[in-house]
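Read the single chain below, which is given as structure tokens and is the form predicted on its own.
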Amino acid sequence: MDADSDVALDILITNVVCVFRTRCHLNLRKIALEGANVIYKRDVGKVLMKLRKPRITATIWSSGKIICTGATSEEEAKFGARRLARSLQKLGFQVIFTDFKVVNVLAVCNMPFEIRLPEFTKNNRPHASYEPELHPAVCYRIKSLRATLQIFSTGSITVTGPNVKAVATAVEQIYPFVFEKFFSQIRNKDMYIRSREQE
């Protein structure tokens, strides 16, 4: 068994954040009065609008900037953003769907083994930082991918990155490092058992 052997790791995408622009001014009061499933936050100058299919929440500003959260894939995020633009067109706004971009992806992945965080951190500085008094996970950053991983002792890893591809690549890159620690733990345990048997 080695880190290069094919291992199927399920990466569950829990949230995709995207942004787009309407290229027109949006009257928030009109959206609040005539739109469906909306919450008008007048004090901060924005409207929240919820869609059921796909299940996303949009934050709408009068400038025409809209941020959508809650999708579970990049395709679903784009489909939801287009549906939202169509809803605004039906309210009478001259919406042009432009500048669509996925800005953040949150995903969870479970390793099939536990991870000893102090040892892992020691071997992976300066990329890894661990402060158990503040947070139970190791924070591991991959600057080239603009991805951050929260690694828990249970083997659960939470990944944030700019897109789905970066998240998948981050998991691929971290696997050999966490596997190496796991394999050394198993090897040390086997050596201990053998020495006990010889006694």
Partner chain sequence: MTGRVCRACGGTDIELDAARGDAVCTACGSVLEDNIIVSEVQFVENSGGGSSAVGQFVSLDGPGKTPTLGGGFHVNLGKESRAQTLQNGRRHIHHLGSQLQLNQHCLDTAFIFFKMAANKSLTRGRKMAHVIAACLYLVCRTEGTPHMLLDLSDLLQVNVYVLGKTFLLLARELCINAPAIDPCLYIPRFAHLLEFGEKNHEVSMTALRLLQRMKRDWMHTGRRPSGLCGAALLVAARMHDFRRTVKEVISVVKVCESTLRKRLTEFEDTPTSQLTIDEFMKIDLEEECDPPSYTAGQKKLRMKQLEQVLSKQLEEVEGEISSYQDAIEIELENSRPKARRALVNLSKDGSVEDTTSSLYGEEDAEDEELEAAASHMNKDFYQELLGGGSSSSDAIEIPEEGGQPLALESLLGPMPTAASLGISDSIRECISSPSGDPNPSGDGELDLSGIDDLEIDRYILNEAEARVKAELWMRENAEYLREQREKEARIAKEKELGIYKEHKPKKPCRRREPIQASSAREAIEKMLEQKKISSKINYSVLRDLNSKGAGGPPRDDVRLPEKGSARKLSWRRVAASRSGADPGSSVGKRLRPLVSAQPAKKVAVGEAAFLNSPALGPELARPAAVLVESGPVCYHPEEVADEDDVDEDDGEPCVSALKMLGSNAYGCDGDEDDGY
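Positions refer to the first chain, counted from 1. Here the structure is a predicted model, which means the values were calculated and not measured.
Another form, the form predicted together with its partner chain, is not on view; read the next lines as being about it.
- Not displayed here, its partner chain is kept clear of residue 171 by more than 4.5 Å at the level of heavy atoms in the model of the complex.
- The closest heavy atom approach of residue 165 to its partner chain in the model of the complex falls outside 4.5 Å.
- Proximity of residue 97 to its partner chain in the model of the complex: non-hydrogen atoms within 4.5 Å are present.
- Its partner chain is not drawn, but in the model of the complex it has a heavy atom within 4.5 Å of residue 87.
- Contacts between stretch 35-63 and its partner chain, counted in the model of the complex as any heavy atom lying within 4.5 Å, involve 35, 36, 37, 38, 40, 42, 43, 51, 52, 53, listed in sequence order.
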